[in-house]
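Only one chain comes next, encoded as structure tokens, the form predicted alone.
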Amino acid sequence: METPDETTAPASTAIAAQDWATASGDPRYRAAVIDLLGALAYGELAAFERLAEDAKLAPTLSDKAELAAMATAEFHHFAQLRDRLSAVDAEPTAAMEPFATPLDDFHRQTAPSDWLEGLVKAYVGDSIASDFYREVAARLDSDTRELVLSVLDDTGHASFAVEKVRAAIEAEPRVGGRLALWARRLMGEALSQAQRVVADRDALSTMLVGGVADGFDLAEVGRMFTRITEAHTKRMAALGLAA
């Protein structure tokens, strides 16, 4: 999902200059990429399901059709990731399985109560995840990086959400306070979930702190989350909400 000002990751590492055939010779790197693609694939599948569900809350037929089109785009992204996993001899379901429970827990804990909360969740929550994956993509081999960035393309939900939320706040200003609180909760839950997932997966954590992706240390992880937080603040401003 596109953000008002996408995070900028540090300079590429040696792995980023390689293609998949070369980089995957390191079994630790291969395991990290399979984890990453598995997490992304399940995230896209969950996004498809959520958008299809949110369409039921849409106040107009045109809004319902917009969300249906976005859900279709998310499923296409899922299919690309599933096919890549199969192409690198990884079983897609097995690759996704470790991430199903934490992502399902996140969505269960942040279930929107109405149409506007659903829009804010998709815009804020999905964008935080996209920021994180873009940071990681800068340290992937060229083939994997190209795929990851392509599936992070905005499906149209960003501008759609901004337009609808800002119009709702203009019509009823008090809505802004409720949605701002909701967005802050989403930010906290999304960052906690990302940190838990990384901590539970040795290959991913190694990629982030160095060893697989050289030059990415613990201090850089802290700076990465700072950049993600700053992007969230800009995104809130685009919605007309206070961070």
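All figures in this text were calculated on a predicted structure; none of them were measured in a lab. A residue's number is simply how far along the shown sequence it sits, counting from 1.
One more form of this protein, predicted together with a further copy of the same chain, exists but is not displayed; see below.
If the cut-off is 4.5 angstroms on heavy atoms, which of these, 113, 93, 159, 86, is the one near a further copy of the same chain in the predicted complex? The residue from 113, 93, 159, 86 that makes the contact is 93.
- Item | Heavy atom within 4.5 Å of a further copy of the same chain in the predicted complex - the one residue of 180, 31, 52, 194 that qualifies | Residue within 4.5 Å of the partner: 52.
Q. Are 42, 45 and 56 jointly within 4.5 Å of a further copy of the same chain in the predicted complex, each by at least one heavy atom?
A. Per the other structure, all of 42, 45 and 56 touch a further copy of the same chain.
(Q) Just checking whether residue 68 would be counted as a contact of a further copy of the same chain in the predicted complex - the rule being heavy atoms within 4.5 angstroms. (A) Yes, residue 68 is a contact residue.
Note to self: Within 4.5 Å, heavy atoms only: does residue 64 come near a further copy of the same chain in the predicted complex?
What the structure shows: Yes, contact at 4.5 Å.
query = Would residue 72 show up as a contact with a further copy of the same chain in the predicted complex if we use heavy atoms at 4.5 Å?
reply = Residue 72: contacts a further copy of the same chain in the predicted complex.
Check: Looking at the partner-bound form in the predicted complex, is residue 78 within 4.5 Å of a further copy of the same chain by any heavy atom?
Finding: Heavy-atom contact with a further copy of the same chain at 4.5 Å: present for residue 78.
Worksheet item: Exactly one stretch in 167 to 175, 114 to 122, 96 to 104, 140 to 148 has heavy atoms within 4.5 Å of a further copy of the same chain in the predicted complex; which is it?
Response: The contacting stretch here is 96 to 104.
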